[in-house]
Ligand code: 13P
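What follows is a single chain, given as structure tokens, in the form predicted on its own.
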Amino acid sequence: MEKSVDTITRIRKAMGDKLAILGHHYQSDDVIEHTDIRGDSLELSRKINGLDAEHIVFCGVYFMAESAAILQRPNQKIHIPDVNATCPMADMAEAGRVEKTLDILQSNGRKVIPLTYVNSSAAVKGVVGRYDGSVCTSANAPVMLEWALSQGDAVLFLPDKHLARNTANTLNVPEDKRIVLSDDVIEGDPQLFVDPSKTDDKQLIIWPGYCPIHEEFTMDAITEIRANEPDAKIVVHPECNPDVVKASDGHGSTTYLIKYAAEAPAGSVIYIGTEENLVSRLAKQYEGEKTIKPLTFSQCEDMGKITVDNLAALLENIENATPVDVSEDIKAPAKLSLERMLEVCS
């Protein structure tokens, strides 16, 4: 790895402002050390347009690099060190199935507005854009769901069922006005599993996807902490199960979790329910001042596919590397779905 570190350092110095390396909060410290900007997925993508760099390397998972490619300027090129670094939750919503599901849901004349979490493919964002829908983040999900509910007869929220339910709880959407589609819609033919007669009185129709990392955080872990450390605080990401969210002391986006740790009084003990790389980094940052621990040890294998070695290998060949590309027939409606969110939240 030492050779790779030297390579990255040398190339970054040589390329100067021509290169920008962006890193998601869930990346390892070894990778984060070489990034110019760090943040969550949309935060990083929104930086693209303001960067002078010709080559932008996205250290994260593939849908994030796609989002950056949707928002890039014509003279920019987006790269990712490993194109196989995907997102299991994003992969649970395939564009063709999403489109077919929307057609079925609207076959009885209702207008169903799709709202996709930013953790989705460019192709899905394209479908959402064509069907008058928008994108949301974990931070602005309540604002965007409220907007989507005002645009039609119902909302199809995808791909994360937990973020959908937690957001619905925040907005007090009645339980009897929600329905979670069958898990089979992910793998099978939606025609077999989507029944408009069961959704025609619902305000919120929820795709059955989930994040395997945040699925690891359970009530058992919270119960044990409450019994053994009653003064400890527990905060979690809204991709967690609603029972876990309700039992926590706070919940919110990655930015919220970072801010909570920063603002907690000295001497606090805080358990954080999100990807372990971020929790570990916060623990090191505040060591000796406050104690920060993972609610459960849970790391994203796909985030881990980005390494110092493959970052160095990409940089060595960056002038000839094939950039992440989103075809124009997808890019235009996908950008529209993102722009709707930016307009609503401006």
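A quick note: this is a predicted structure, and the numbers were derived from the prediction, not measured. Numbers for residues come from their place in the sequence shown, where the first is 1.
Same protein, other form: the form predicted in complex with this ligand, not shown, and the subject of what follows.
Interface residue among Ser268, Gln203, Gln76, Ser253 relative to this ligand in the predicted bound form, by the heavy atom within 4.5 Å criterion: Ser253. Just one listed stretch, out of 317 to 325, 288 to 296, 39 to 47, 65 to 73, contacts this ligand in the predicted bound form at the 4.5 Å heavy atom level, and that stretch is 39 to 47. In the predicted bound form, at least one heavy atom of Asn119 sits within 4.5 Å of this ligand. Though the partner is left out of this view, His237 does reach within 4.5 Å of this ligand in the predicted bound form, counting heavy atoms only. Residue contact with this ligand in the predicted bound form: Thr167 places no heavy atom within 4.5 Å of it. By the criterion of a heavy atom within 4.5 Å, Ser138 is counted among the residues contacting this ligand in the predicted bound form.
Residues of 86 to 113 placing a heavy atom within 4.5 Å of this ligand in the predicted bound form: none.
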